[in-house]
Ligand code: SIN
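Read the single chain below, which is given as structure tokens and is the form predicted on its own.
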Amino acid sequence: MTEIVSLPIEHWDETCSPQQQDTALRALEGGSVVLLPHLAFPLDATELRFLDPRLADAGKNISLNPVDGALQGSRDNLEPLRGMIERYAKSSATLLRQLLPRYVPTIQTGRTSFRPVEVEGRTTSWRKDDTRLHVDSFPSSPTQGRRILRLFTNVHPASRPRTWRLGESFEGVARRYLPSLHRPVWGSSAVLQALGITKSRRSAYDHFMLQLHDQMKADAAYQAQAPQHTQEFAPGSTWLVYTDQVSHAAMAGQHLFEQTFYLPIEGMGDASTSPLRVLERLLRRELV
């Protein structure tokens, strides 16, 4: 079962001790959630007005593209809204440098998201339903083995926690579903990229991870019976987790910031714990 490892960090630019850095690295790569229960992201008076689900389009996210600074998913392309999300992105990068310096030379910054929409009761397809246990894999954005490290902060103005379910180990999930997974059709990755369905080449690893994601979500018996526990993340807390490794489901909550990072496995402290290496070991083949 997924463990929660807490660290007493209170400031985004706080100097972290070597022991804290080692604890965070080992916990994350071992499949735990690193919780910073006292690390809040305060909003000023002008930003509190953005705690309004009507700002979001039909989706759940208002996101900032790190490449061109474009704001997507909002009905109002407001500069103060962009500034708030940019401030979270900069704070996240600062925390990463302090807490996980081992990753700094190779880590890549992904999108920064603000989620003002309530999770509970949101209508969507089963494949996009994040209230079902899953590991992250993106159909149009292959990672080719890079890790998906995500940082979350609950900014709900009252006492509403962010409620997750956390499941079994990645290897447990993989062993459960590998017998039913099929290999990619030869040449399919090139066709998907040529048609613009994927933004880059879908590797064999991405192919298997997408199947794991879909089969977990589609399996009602697994959702009900899999080893799991409920974890509540209080307002004013921040947590980090490898969402490609940790089986998770977001059940309830509103007003959340999220920062995505991508890490090549060469930048890890122990690459043998990565989903890529676990799948390669179980399948006894390289997934390139």
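Numbers follow the displayed sequence, beginning with 1. Model, not experiment: these values are computed from the prediction.
One more form of this protein should be noted, the form predicted together with ligand SIN, which is absent from this view; the next part is about it.
Put simply, of 226, 250, 40, 263 only one has a heavy atom within 4.5 Å of ligand SIN in the predicted bound form, and it is 250.
In terms of contact with ligand SIN in the predicted bound form, the residue from 208, 170, 88, 152 that brings a heavy atom within 4.5 Å is 152. In the predicted bound form, ligand SIN sits within 4.5 Å of a heavy atom belonging to residue 115.
Not displayed here, ligand SIN is kept clear of residue 64 by more than 4.5 Å at the level of heavy atoms in the predicted bound form.
Put simply, residue 146 is far from ligand SIN in the predicted bound form: not one heavy atom of it is within 4.5 Å. For residue 134, a non-hydrogen atom is located within 4.5 Å of ligand SIN in the predicted bound form, even though that partner is not displayed. Note on the interface: of 126-134, 68-76, 102-110, 177-185, the segment with non-hydrogen atoms within 4.5 angstroms of ligand SIN in the predicted bound form is 126-134.
Contacts of stretch 151-165 with ligand SIN in the predicted bound form, defined by any heavy atom lying within 4.5 Å, are made by 152, 162, 164, listed in sequence order.
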